[in-house]
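Read the single chain below, which is given as structure tokens and is the form predicted on its own.
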Amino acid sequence: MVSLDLERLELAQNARRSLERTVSTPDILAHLGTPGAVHEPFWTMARAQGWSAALVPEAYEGLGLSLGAFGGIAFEIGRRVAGAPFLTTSYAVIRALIGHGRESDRQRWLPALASGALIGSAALGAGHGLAHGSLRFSGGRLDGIAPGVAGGAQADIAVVLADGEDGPVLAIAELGPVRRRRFDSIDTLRGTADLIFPEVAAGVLARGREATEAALDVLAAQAVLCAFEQAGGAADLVERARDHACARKAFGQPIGAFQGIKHKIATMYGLSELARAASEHAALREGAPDFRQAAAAARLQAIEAYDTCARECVQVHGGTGVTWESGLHLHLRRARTLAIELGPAIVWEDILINTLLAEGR
């Protein structure tokens, strides 16, 4: 256990150093405002570091890391508000293929996803209670619209939950023929787009109740990585608020000496640490019967932590907090985007309640 902890710590420290060299606030600001923009130096570095292969089994040219081990890297990515969502979105496809794909599917797609040669995305209907009424599967083809897909502007392959002739279908499809309608959203670096499927050929991963359960499992795994990223963003905001409160003076003393500022930073710190702890706990429950429950709890805790820290950090900074150059608005944008990207809090509250009710039966 000690060696595992040391390995995870080293991975996270190396990730922090690499990100500090590659990603800066001016870099991200230069790409902001262009729908579908990607900070290519970050994505190039991520592939070179092997992060795209981290969660792919070794049998398919991956590194075979656990969700918890990669969580430390996701945490550091969140601290820097990195400029591409592909590690999380590709993981959704990886998770679906490992759990529900045929061996031929795994051999075909996993090595390419591991190298970063292909980018994956997921349209699982999180914001609509796991149902895409406008996306239908019939005769081996997908037709309709998958709205608001993170990474959809650049993805090469997607796993989708669609309405089939006899119930839900979890399918996988190449996106070459798909038309993309990019979003001019508050965080354009998430590559969000509507995917419009004009009778696109797709392979079936699961059907019926199995398809819905598989989609929930994939979403839960994505949510844990997202929670690590949100916890990392919250941690960075705590440090920035603390440093500013110690350096900025008013009435002859640091503003951090005032009770109102102390309370804000104490609240931020508490929420940040709870989000990190919940993420770690959920990652440790990977493969356990209560994994989905732990993932939902981590998701809810991380949404609250990142949202609150983003708002309060701006307040601690006062007028400088709302300037373009400060970059604090990057965290605000990312916090709001991640809060709804996998479905808003109310969806995850329902998932958590449903798992608790099922446990009590």
Partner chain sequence: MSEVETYRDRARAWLASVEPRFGAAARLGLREDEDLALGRAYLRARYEAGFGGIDLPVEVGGQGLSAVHKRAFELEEIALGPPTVYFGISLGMPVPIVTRFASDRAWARERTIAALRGEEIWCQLFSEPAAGSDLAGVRLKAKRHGADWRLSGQKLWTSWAQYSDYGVILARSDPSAPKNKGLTYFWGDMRARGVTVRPIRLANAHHDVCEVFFDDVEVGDHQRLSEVGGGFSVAMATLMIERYLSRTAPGSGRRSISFCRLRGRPGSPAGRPSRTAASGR
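Computed from a prediction, not measured in an experiment: that's the story for all the values here. Residue numbers count along the first chain shown, from 1.
The same protein also has a form predicted together with its partner chain, omitted here; what follows describes it.
Stretch-level contact analysis of 65 to 73, 312 to 320, 47 to 55, 289 to 297 against its partner chain in the predicted complex, using heavy atoms and a 4.5 Å limit, identifies 312 to 320. In the predicted complex, at least one heavy atom of residue 32 sits within 4.5 Å of its partner chain. Using a 4.5 angstroms limit between non-hydrogen atoms, residue 349 touches its partner chain in the predicted complex. Residue contact check for residue 107: none of its heavy atoms lie within 4.5 Å of its partner chain in the predicted complex. Shown alone here, residue 186 lies within 4.5 Å of its partner chain in the predicted complex, counting heavy atoms only. For the residues 248, 179, 242, 102, the 4.5 Å heavy atom test against its partner chain in the predicted complex is passed only by 248. Contacts to its partner chain in the predicted complex (heavy atom within 4.5 Å) from stretch 327 to 351: 329, 333, 336, 339, 340, 344, 345, 346, 349.
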